[in-house]
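Next up is one chain by itself, shown in structure tokens, the form predicted alone.
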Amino acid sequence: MTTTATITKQFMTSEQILEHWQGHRNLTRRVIEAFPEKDLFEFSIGGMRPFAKLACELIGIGGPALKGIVDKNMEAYNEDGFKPETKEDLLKKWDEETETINTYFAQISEERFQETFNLFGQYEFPVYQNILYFIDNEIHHRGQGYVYIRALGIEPPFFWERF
């Protein structure tokens, strides 16, 4: 890949990064599915948020952030945007955001991945670093979900089975 400033060797294509991210999203979806309805919204350990709130955070970041990147809109993160009442509501929105991610990710050119963008008006990093943060944040919160479902006596999905 060539940019105006440097020549770099490419480790992964943007399509591979999206596939990797969507593999993580698929696994997180399976963690949501593993929770009993009541515990998804109420169970927590050590003062951490219930998993439904963690999943809502992920929903509020991925698609909206990519839309912001594509539209060059630095609107603030909306922490109170989506408040599902059922697991079905949460999974439906999860699936809708998966499509939103696919739609907007495809609109980011290879050059844009290297550009600095002030995400949500407060995180000024190259676009690729923001996207890697979305993935890292999801893995972090899914790990919390694994602890929760294990504490509930439920066997979580194997972390390596992403598709």
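When you see a residue number, it is the position in the sequence shown, counting from 1. Everything numeric in this text was worked out from a predicted model, so none of it was measured.
Beyond what is shown, the protein has a form predicted in complex with another copy of the chain; the following relates to that form.
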Q. Taking heavy atoms and a 4.5 Å cut-off, does residue 22 contact another copy of the chain in the predicted bound form?
A. no
(Q) Since only the chain is shown here, I'm wondering whether residue 114 would be in contact with another copy of the chain in the predicted bound form (any heavy atom pair within 4.5 Å). (A) yes
Q. Closest heavy atom of residue 155 to another copy of the chain in the predicted bound form, within 4.5 Å or not?
A. no
Q) Are any of the heavy atoms in residue 41 no more than 4.5 Å from a heavy atom of another copy of the chain in the predicted bound form? A) no
Q.
Is it true that 33, 36 and 65, all three, sit within 4.5 Å of another copy of the chain in the predicted bound form, judged by heavy atoms?
A. no
**Q.** in the predicted bound form, the one of 109, 26, 118, 100 near another copy of the chain [non-hydrogen atom within 4.5 angstroms]
**A.** 109
Q | in the predicted bound form, residues of 116-142 near another copy of the chain [heavy atom within 4.5 Å] | A | 128, 131, 132, 133, 136, 137, 139, 140
